[in-house]
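Here we start with a single chain on its own, the form predicted alone, put down as C-alpha cells.
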Amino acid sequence: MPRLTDKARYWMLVLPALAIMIVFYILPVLGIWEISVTEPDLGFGNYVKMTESNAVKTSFILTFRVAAITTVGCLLLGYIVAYTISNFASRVTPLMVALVLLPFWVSVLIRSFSWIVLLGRSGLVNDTLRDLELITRPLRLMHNEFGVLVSMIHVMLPFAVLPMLANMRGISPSYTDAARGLGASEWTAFRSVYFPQTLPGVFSGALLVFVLSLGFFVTPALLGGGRVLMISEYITYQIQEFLAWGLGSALSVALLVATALVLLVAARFMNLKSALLDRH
C-alpha cells in the first residue's frame, strides 16, 4: 500500500473543514447577495433605495455609535479587571478567571432579561433609589440608548478581558522592576514600560468587541424596546414585518461590507494575525 505524502495528508485534513465552510458559510452569503439584486426586481434598486433612505443612514450611524461607545466602555472596565487579575490576584486568579468566563455559560437572552428586571420602572435600581428617597418618580433606564449600552457592555466585557489578560500574563515583571530600580515612579513605570506592552491585547480586544457589536441583535432589541433601532434589528423589521427580502438582504450585504472595511482599516495599523491569533 503506497504511503501518503505530507501534502496529501495536509489536504485530507483541510478539505473537510473547507467543505463545511463552503456549504454552511460561503453559499448562504452568496445566496444573500443574489436575493439583494433579484428581489423584487432584477438590478441594484435595493441598493439605490438603501442609500436614499434617511432611516437606513440613521440606523447605521446609531449602530456605529453604540458599537464605539460599547468598545470604549469594555476596554476601560476590561483593562482594570485584566490588570488586577494579572498583577494582584495571584491567590484567587482561577476564581476571577472563572467569574470572567461564567457569562459564556449563560445565554445572552437570560443576561438581557436580567437587565430588564434590574432597570425596569419597578426594577431593583429604581426601587432602591426610591427607598433611599433620592428620586420621587422612576427613572427611565431602559428602552433607550442608555439601557442598550449598559447591557451591551456587560455582555461584551469578557471579549475585551480575555485578549488583554492573555497579553498581560505574557509580560515579564522584570521590565517594570528594572524601571523602578533605575528610579522611575510606579506611574512612570506603568505608563512608559508596562502599558505599551499591553497595547496588542488592547487592540485585539477593541477589534473583537467592535466587530461583534456591529451585528448585535438580541440585547438591543430587548433593552431598546424598538426605540434604539440598530441595523440588525432594522433588517429583521424589513424581512419579518414588510417581507422586503431584497432590501433586507441588501442591508445585510452593506453590514458585511462595513465590517470588512473596519477590518481593512484595522489591518493598516496593526497585525491582525498577531492581534487575533497570537496570544503572546
Partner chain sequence: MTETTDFEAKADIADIAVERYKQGLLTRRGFIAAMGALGILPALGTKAMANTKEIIVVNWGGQAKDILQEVMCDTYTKETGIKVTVDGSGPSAGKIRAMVESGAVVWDLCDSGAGSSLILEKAGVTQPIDYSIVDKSKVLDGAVYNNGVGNYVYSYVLASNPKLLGGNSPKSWEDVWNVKDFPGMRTFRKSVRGMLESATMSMGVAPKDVYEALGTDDGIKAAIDRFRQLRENIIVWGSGSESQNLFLQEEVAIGNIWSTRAHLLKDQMEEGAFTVTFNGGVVAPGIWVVPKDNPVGTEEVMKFIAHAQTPELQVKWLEAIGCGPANPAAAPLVPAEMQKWNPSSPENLATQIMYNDTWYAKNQIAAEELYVDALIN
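Everything numeric in this text was worked out from a predicted model, so none of it was measured. Residue numbers count along the first chain shown, from 1.
Omitted from view is the form predicted together with its partner chain, to which the following refers.
Checked against its partner chain in the predicted bound form, the residues I32, L212, L243, A68 give one hit for a heavy atom within 4.5 Å, which is L243. The closest heavy atom approach of G226 to its partner chain in the predicted bound form falls within 4.5 Å. When contacts are judged by a 4.5 Å heavy atom cut-off, F44 does not count as touching its partner chain in the predicted bound form. Its partner chain in the predicted bound form is approached by Y234, whose closest heavy atom lies within 4.5 angstroms of it. Mapping the unseen interface onto this chain, R169 falls outside it, with no heavy atom inside 4.5 Å of its partner chain in the predicted bound form. The candidate stretches are 174-182, 73-81, 142-150, 90-98, and the one lying within 4.5 Å of its partner chain in the predicted bound form by heavy atoms is 142-150.
Although its partner chain is not shown here, in the predicted bound form the stretch 20-59 places heavy atoms of E39, S53, N54, A55, V56, T58, S59 within 4.5 Å of it, in sequence order.
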